[in-house]
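A single chain comes next, written as structure tokens; it is the form predicted alone.
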Amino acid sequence: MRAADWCRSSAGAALVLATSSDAEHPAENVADGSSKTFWTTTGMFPQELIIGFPKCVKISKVAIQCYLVRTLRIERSTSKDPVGFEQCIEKDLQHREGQLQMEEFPLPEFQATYLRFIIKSAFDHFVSVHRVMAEGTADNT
């Protein structure tokens, strides 16, 4: 079975929660598959967003395209509702002036119905998240 990006709205992903809102740069932009659109935070940290999948999926790699993020934590849930999250990874990202941060996290394959991306700290007062990706296959069990 071919791996798909389960964080895309075209794959059935839904934005469940975002801790900040900007009318010109809404959080839904992270799931549209484009690096040209983005979600911008409104200050204060931590900030988070939760993506829900249309079914339980097996994830083997998670990635993010962002700007000015210092510390990122990614968590997963296999619950029917977005609760009971477990940490997958936490990492300090490198800042490259004028360039998007493109981070890939190859992980041991895991099941998830939700992913939570927590921006714990930043290099500035605001950050942008352009895309989040979760590569994997449908769980048929």
Partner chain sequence: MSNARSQWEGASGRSVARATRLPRPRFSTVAGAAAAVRARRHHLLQAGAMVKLAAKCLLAGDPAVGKSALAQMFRSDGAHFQKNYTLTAGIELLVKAVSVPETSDSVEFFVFDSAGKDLFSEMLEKLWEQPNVLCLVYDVTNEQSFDNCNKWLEKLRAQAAGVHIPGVLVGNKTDLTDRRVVEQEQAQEWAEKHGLEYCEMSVKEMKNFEAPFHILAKLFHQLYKEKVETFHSLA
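Positions refer to the first chain, counted from 1. Quantities reported herein were computed from a predicted structural model and do not represent experimental measurements.
Keep in mind that the form predicted in complex with the partner chain is not shown, yet the notes after this line are about it.
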item	value
Any non-hydrogen atom of Lys36 within 4.5 angstroms of the partner chain in the predicted complex	yes
4.5 Å heavy atom contact, Pro54 to the partner chain in the predicted complex	no
Contact flag, Ser21 vs the partner chain in the predicted complex, heavy atom cut 4.5 Å	yes
Close approach of Leu17 to the partner chain in the predicted complex, 4.5 Å, heavy atom	yes
The partner chain in the predicted complex - contacting residues of 112 to 127, heavy atom within 4.5 Å	Arg116, Lys120, Ser121, Ala122, Phe123, Asp124, His125, Phe126, Val127
